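Next up: a single chain in structure tokens, the form predicted on its own.
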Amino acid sequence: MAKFGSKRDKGTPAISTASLPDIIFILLFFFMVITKMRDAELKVTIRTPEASELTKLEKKSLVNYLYIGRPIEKYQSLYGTRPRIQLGDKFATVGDIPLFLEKHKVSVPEAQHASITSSLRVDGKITMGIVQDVKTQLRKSGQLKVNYSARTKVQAAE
């Protein structure tokens, strides 16, 4: 008769790590593809005011960013030093705001249209005249959710 060997002597087999580099490269390519870099190159100088009570915006994909400030040195020869509005990657006027809002609204699912927020990133040294014009145009366009961007106030050491 044949002798049957006992299987107790064998341990658990080692885990193969041959496919580990493949998995790492797949993850690397996945994150490279889905990562979205900066939306717009800032063409205006923005130093937002400080605030002590801040809340974060929940969904950044539902936010329109409107930048208001003086053009950076690179663009001052072309646009001057007066405060300007930047929508996306280009300078704009107050009249361009409705089209900017509509382009963003088209890219958002219809169920989330009521959740769209306009975030004003305004330089702290800008007068409120241009900001008031932007707010009036937002109101006329039906965009009533407006947010002011600010930076956290640094507490002085006592």
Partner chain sequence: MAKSKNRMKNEINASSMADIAFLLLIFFLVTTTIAEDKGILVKLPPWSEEPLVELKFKPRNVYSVLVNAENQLLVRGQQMKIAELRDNTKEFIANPTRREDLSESPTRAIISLKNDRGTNYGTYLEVYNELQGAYNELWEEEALRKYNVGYSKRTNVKKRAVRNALPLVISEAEPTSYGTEN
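All values derive from a computational prediction rather than experimental measurement. Residue numbers count along the first chain shown, from 1.
From this point on, the text means the form predicted in complex with its partner chain, which you will not see here.
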All of I24, S52 and L57 with a heavy atom within 4.5 Å of its partner chain in the predicted complex: yes
Note which of L42, L28, L99, V108 lies within 4.5 Å of its partner chain in the predicted complex, where distance is taken over heavy atoms; exactly one does. L28
Answer with yes or no whether G88 is in contact with its partner chain in the predicted complex, where contact means some heavy atom within 4.5 Å. no
Taking any heavy atom pair closer than or equal to 4.5 Å as contact, tell me whether Q132 reaches its partner chain in the predicted complex. yes
Does H104 reach its partner chain in the predicted complex if we count a contact as any heavy atom within 4.5 Å? no
In the predicted complex, does K125 come within 4.5 Å of its partner chain, counting heavy atoms only? yes
Within 64-85, which residues have a heavy atom closer than or equal to 4.5 Å from its partner chain in the predicted complex? Y65, R70, R82, P83
